[in-house]
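Before any questions on how it binds or moves, here is one chain, the form predicted on its own, in structure tokens.
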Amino acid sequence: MVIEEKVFDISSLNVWYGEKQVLKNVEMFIKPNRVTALIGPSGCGKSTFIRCLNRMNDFIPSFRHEGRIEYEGTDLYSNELDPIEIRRRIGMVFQKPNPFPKSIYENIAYGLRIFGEKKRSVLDSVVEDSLKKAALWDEVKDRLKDSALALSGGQQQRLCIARAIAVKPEVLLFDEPCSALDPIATAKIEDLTTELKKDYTVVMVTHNMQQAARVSDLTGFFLLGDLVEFDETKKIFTTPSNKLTEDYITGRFG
């Protein structure tokens, strides 16, 4: 019997904000070096789910959860784990590009400085490497001192990916990373996502089903807090097991 490797193993996950339950008995796993897409209508729990994976929901006072999320075999919500270290290992890129109001260089170096890196040679090397991995180096290598805010939206989003990469995460969480971008910038992020899975595990929330079909290996369909179906992307989009999944991907609702 083949034991499948899992980066995350989620069992019986229930989440509430105050009295409102937003996730119900979610059972799921995330495989290493794969792109896992999460699809479903707005407000169905997708973003809440990925924010559970790096404990971003800890910042919301009304948040509470039951069930278990194991990260590489350890309870993610164990008191023994440092949430700051978790967020270093599990990076996140948000819906709207959010570069710091600093230079392109300092956007990348900032996280390293926080973790105590002072050597200029190390900072230079990581800045270059991160921008190359984010497919941005050739566009900005001659303007690293310029403000990151002068970049286009698509470039800013790739800068945010480079910033996440710089602190050497194991997982990248993308929360609708292309929703504010034009089609050309979106295509660049999609190409980049396919490249990134060689080095990272990627979990992507997307409202764009074609995008999920193009870039992901596995897809989970959420509806009203339930994980309706989770399977190989090809199966989800060609022969889904659940009628609700079929209705959603064929545009009957959503």
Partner chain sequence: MSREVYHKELKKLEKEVVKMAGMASTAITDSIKALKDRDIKTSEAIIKNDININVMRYEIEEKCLELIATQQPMAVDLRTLAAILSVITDIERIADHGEGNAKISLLIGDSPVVKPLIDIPRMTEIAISMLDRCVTAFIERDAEAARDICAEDDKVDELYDQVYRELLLLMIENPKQIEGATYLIWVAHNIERVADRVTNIAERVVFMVTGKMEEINVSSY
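Positions refer to the first chain, counted from 1. Please read all numbers here as calculations on a predicted model, not as lab measurements.
Omitted here: the form predicted in complex with the partner chain. The next part is about that form.
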Original post:
Does the partner chain get within 4.5 angstroms of any non-hydrogen atom of residue 249 in the predicted bound form?
Top reply: yes
Original post:
Does at least one non-hydrogen atom of residue 209 fall within 4.5 angstroms of the partner chain in the predicted bound form?
Top reply: yes
Subject >> Close approach of residue 237 to the partner chain in the predicted bound form, 4.5 Å, heavy atom >> reply: yes
Original post:
Does any heavy atom of residue 218 come within 4.5 Å of a heavy atom of the partner chain in the predicted bound form?
Top reply: no
Original post:
Which listed residue (56, 69, 192, 213) meets the criterion of a heavy atom within 4.5 Å of the partner chain in the predicted bound form?
Top reply: 213
